[in-house]
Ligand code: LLP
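Take a look at this single chain in structure tokens; it is the form predicted alone.
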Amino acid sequence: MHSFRYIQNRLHCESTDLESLAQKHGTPLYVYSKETITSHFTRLDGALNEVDHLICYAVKANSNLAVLHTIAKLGGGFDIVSGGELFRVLKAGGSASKCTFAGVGKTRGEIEFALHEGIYSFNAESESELRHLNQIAGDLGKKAPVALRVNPNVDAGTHAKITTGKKENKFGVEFERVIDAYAAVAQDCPHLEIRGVQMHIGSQLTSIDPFVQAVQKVAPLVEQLKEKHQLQFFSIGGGIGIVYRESLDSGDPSWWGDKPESDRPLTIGAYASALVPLLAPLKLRILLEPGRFMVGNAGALLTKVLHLKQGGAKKFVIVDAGMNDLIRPTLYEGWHQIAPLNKPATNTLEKVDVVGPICETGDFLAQDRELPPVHEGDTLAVLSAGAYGFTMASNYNTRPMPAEILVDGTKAHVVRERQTLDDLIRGEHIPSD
């Protein structure tokens, strides 16, 4: 699932020693494996060979130019949710003709930019947005390619903050309204070109059942719309979950941490075997929008132990990475495997909270986690941090953003420099008296 493993008792990303990267570039430090990204893309791509398809990587998961360039070179498309993400895709060598533009609040400037660049499709989230797109395209003398996002009211069975396919979520048009909405486009929106249908029910799904339920519900609707509107594609969204705890060598030491009950693998084979038979009869291009699956296990956040503190109720491991660097544990109760860069010689465990330097009680990377003894000056790897890590990071507490490294075998490329203190105030001005 990923390319992080112990080699001679030192944790490596591919063939690169992580301790050497921490010493050279400092911490906190994001490290990504090109091998893992490539493997995940090619495995998913190959599993869908029986249907015409395009993998549109969800840029919001990790938008580093080097990551986007890697996926573009593999032939991937992109799922974007802002004009800024489209700008990044283009700078990384991607093409707007392989981009779908999602999101409930696209601005006029973003829409104009996407139309000028030749976007493959806008995934419209409301009937109001369709009218908005029609007006802007007309003003520019263009036709805007569109797909309507269907809200199938299917419970993804995942965290409430990453569920998107239920009626109470802000995304998409209610299932019962979709046919009328497409009819209105055909009749009243001469500057729109209907290209497809889109859906997405949520993120980090570890069971195939919600995917099957959603496709089974929406596929007959797609068949109806295909006959009336000459559809080109059906996008089934993303959401394939990843495993947040994996073996780092041939053994399986208990100190890697207890596996969360919800953390169960959904294999690519099981995913394709269940969905391809449902999708092939549609004879449409199938779009997928994986994000976390592509890059989640490909990244680690390296952080140094600053202090050990024995409180009255808990022992704290205080590290130099905080919630501003990786907010998933605080925001989503996200569980990340934490491993020392130097493999412990003992199986002795102690229960600790791994916390950061941010002035917030909610600043933690792990709570009540059983880890082997660590010491001040040790470096830890917070694994499976390649998705929604750096992209959700901030300068809270006026802290510079970490550097990012892309590893390719024995080569380690700096793909984003660490912010300086001057970078933090660039663009700010004190008014003259």
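Keep in mind it's a predicted model, so treat the numbers as computed, not measured. We number the residues from 1 along the sequence you see.
The next section is about a form of this same protein that is not shown, the form predicted in complex with this ligand.
Undergrad: Okay, which stretch from 114 to 122, 173 to 181, 135 to 143, 202 to 210 lines this ligand in the model of the complex, with non-hydrogen atoms inside 4.5 Å?
TA: That would be 202 to 210.
Undergrad: Consider the chain as shown here, without its partner, and state which of P340, G356, G291, G77 has a heavy atom within 4.5 Å of this ligand in the model of the complex.
TA: Of the listed residues, the single hit is G291.
Undergrad: Considering this ligand in the model of the complex, which of K60, K34, H69, H53 comes within 4.5 Å of it through any heavy atom?
TA: By the 4.5 Å criterion, the partner-contacting residue is K60.
Undergrad: In the model of the complex, is there a heavy atom of this ligand that lies within 4.5 Å of any heavy atom of I240, even though the partner is absent here?
TA: Yes - in the model of the complex, heavy atoms of I240 and this ligand come within 4.5 Å of each other.
Undergrad: If you check in the model of the complex, is Y388 within 4.5 Å of this ligand, heavy atoms only?
TA: It does: once this ligand is placed as it appears in the model of the complex, Y388 has a heavy atom within 4.5 Å of it.
Undergrad: Given that this ligand is not shown alongside this chain, does R195 nevertheless sit within 4.5 Å of it in the model of the complex, heavy atom to heavy atom?
TA: No, R195 is distant from the partner.
Undergrad: Taking heavy atoms only, is R149 within 4.5 angstroms of this ligand in the model of the complex?
TA: Flag for R149 set to yes.
Undergrad: Judged by heavy atom distances of 4.5 Å or less, which residues of 321 to 337 approach this ligand in the model of the complex?
TA: Residues within 4.5 Å: R328, Y332.
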